[in-house]
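First, one chain by itself in structure tokens, the form predicted on its own.
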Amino acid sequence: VVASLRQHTNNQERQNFNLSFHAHRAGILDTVDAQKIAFLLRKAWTLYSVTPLFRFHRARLTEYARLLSAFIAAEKRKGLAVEVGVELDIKVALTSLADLRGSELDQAALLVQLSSRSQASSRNSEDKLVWSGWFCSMFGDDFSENVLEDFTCLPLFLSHGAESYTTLVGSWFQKTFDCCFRRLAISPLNLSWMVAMWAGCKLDRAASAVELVFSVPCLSQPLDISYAIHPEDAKALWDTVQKTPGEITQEEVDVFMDCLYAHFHRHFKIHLSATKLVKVSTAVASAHCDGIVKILHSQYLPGVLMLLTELAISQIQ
């Protein structure tokens, strides 16, 4: 599913989303070597929005890697000056991922990797990858069209690894390119859109259950409710709800969720509408309200990244 998400205010209390699919974009990664995107799958990525980078130049990635490496070393050594170019215990690699973009107006994704070599290991031993992060724009056309030439738009950032490294990398990029990183949370409304979209996807292999996790408010002890639906049942329900193939409306998402709530109440006498949706899991991807996403199926990678790009842009604007 590759979708263009447009947000507007329906009334003062809630936001409505109008989403239309672009079938000709669905095969955007069909020609990409699966090995090149394998590292993106089945990892828990923490989401951030990033304002445009000022005077960022792709031709200087090697130089940026050296500077970032020196910055991390200096921070780890409590601010002591470190000479750029000397061999450090953290190695930084910056790589362009040319195939990971939606349109010609999008900037190619940028991968940042931190590797470590223990002092006891030999010089010929392989470095150990300790942290990964990547900047991405998937069909962020409207946003990139409206920025000045000196700015590079990569509004979505995903990190995997120790938060201390995320803080250091984010700090260096903010100081170097005058940008701003912010954690990107996912609202219950957006989670409901995700589960509706992903539950309706056709998969070429056996799918795992569709699971929704709800948090019960106003209790002295935290209580979560897990609700699992057979993937074929979830897809069958969505197929009956969706009026026009290739298009999704807020009304359809509401009907889909209301049907799930009604089924749960019929069996357990619990009103899920009084709880908070905090996590959704499908065979396509899983997402948590704290802004943690795991992409599970390469076929739908563009659609997942497009939705996340739109959410990041919405937070920036």
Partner chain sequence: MDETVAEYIRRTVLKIPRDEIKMLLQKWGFLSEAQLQTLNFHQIKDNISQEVVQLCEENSADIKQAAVLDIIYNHAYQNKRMWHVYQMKKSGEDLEYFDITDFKKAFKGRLRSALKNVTITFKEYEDNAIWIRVAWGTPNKKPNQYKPSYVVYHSQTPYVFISTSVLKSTLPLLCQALMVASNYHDIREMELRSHSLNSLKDIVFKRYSQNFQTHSPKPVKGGNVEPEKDIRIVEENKSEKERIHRLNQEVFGSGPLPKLEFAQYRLETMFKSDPKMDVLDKKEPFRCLVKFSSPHLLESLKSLAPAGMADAPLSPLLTCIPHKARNYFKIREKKGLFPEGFVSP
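Positions refer to the first chain, counted from 1. Everything quoted here is computed from the prediction, not taken from an experiment.
Although it is not shown, the form predicted together with its partner chain is what the next lines describe.
J.: Would you please decide whether A93 lies within 4.5 angstroms of its partner chain in the predicted bound form, comparing each non-hydrogen atom pair?
T.: Contact check for A93: no, nothing within 4.5 Å of its partner chain in the predicted bound form.
J.: Contact between E232 and its partner chain in the predicted bound form at 4.5 Å, heavy atoms?
T.: Flag for E232 set to yes.
J.: Give a yes or no for R77: in the predicted bound form, does one of its heavy atoms lie within 4.5 Å of a heavy atom belonging to its partner chain?
T.: Judged by the heavy-atom cut-off of 4.5 Å, R77 is well away from its partner chain in the predicted bound form.
J.: Can you work out whether R55 and its partner chain are in contact in the predicted bound form, taking contact to mean some heavy atom pair no more than 4.5 Å apart?
T.: Although its partner chain is absent here, R55 would stay clear of it in the predicted bound form, with no heavy atoms inside 4.5 Å.
J.: Which of these residues, K175, R205, K202, K243, gets a heavy atom within 4.5 Å of its partner chain in the predicted bound form?
T.: Going through each option in turn, the one that passes is K243.
J.: So which of S69, T46, T51, T275 gets a non-hydrogen atom within 4.5 Å of its partner chain in the predicted bound form?
T.: By the 4.5 Å criterion, the partner-contacting residue is T275.
J.: Thinking of its partner chain in the predicted bound form, which stretch from 55-63, 251-259, 281-289, 37-45 has heavy atoms inside 4.5 Å of it?
T.: Checking each option against the 4.5 Å cut-off leaves 251-259.
J.: Counting only non-hydrogen atoms and a 4.5 Å cut-off, give the residues of 215-233 close to its partner chain in the predicted bound form.
T.: Contacts from 215-233: V216, L219, S220, Q221, P222, L223, D224, I225, S226, Y227, A228, I229, H230, E232, D233.
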